[in-house]
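To begin, one chain is listed below as structure tokens, in the form predicted alone.
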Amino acid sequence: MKKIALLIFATVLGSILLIVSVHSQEDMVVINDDVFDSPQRPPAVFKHDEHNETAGIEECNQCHHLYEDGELVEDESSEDQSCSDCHAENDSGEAPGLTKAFHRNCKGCHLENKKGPIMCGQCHVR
């Protein structure tokens, strides 16, 4: 009888933990890192809408910039493109590598505004 009760308890507890785990990660969004051959860290956790609401960002081009011939195109957005469409894994003659581009864009803004995470483990959550 004790074995059956223990088995039922363990099954119920396991189910609850699984449901809580799945639910807590349901709204977790990460930056797509498929372009990296061998990432050194887990992808950065980034909840797009929540971030923009908290930061008061209303214009997409504040983050999704567009450059033509090395010059920033004002009031244009690259939101319909992947960052890796313009940024290769490593620096090229015209554009910084993808890692550097993310860090300059995200961390640079956080440093400039004195708000937001700047340490590796704050974005790259294991």
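Because the structure is predicted, anything quoted here is derived from the model rather than measured. Start at 1 with the first residue shown and count on from there.
We do not show the form predicted in complex with a small molecule, though everything after this point is about it.
Self-check item: Non-hydrogen atom contact residue 57 with the small molecule in the predicted complex at 4.5 angstroms
Solution: Because a heavy atom of residue 57 falls inside 4.5 Å of the small molecule in the predicted complex, the answer is yes.
Self-check item: the small molecule contact at residue 62 in the predicted complex, heavy atom, 4.5 Å
Solution: Flag for residue 62 set to yes.
Quiz item: Do residue 76 and the small molecule share at least one heavy atom pair within 4.5 Å in the predicted complex?
Solution: Residue-level check for residue 76: no, no contact with the small molecule.
Exercise. Look up in the predicted complex whether residue 90 has a non-hydrogen atom within 4.5 angstroms of the small molecule, and give yes or no.
Key: Outside the cut-off, so no.
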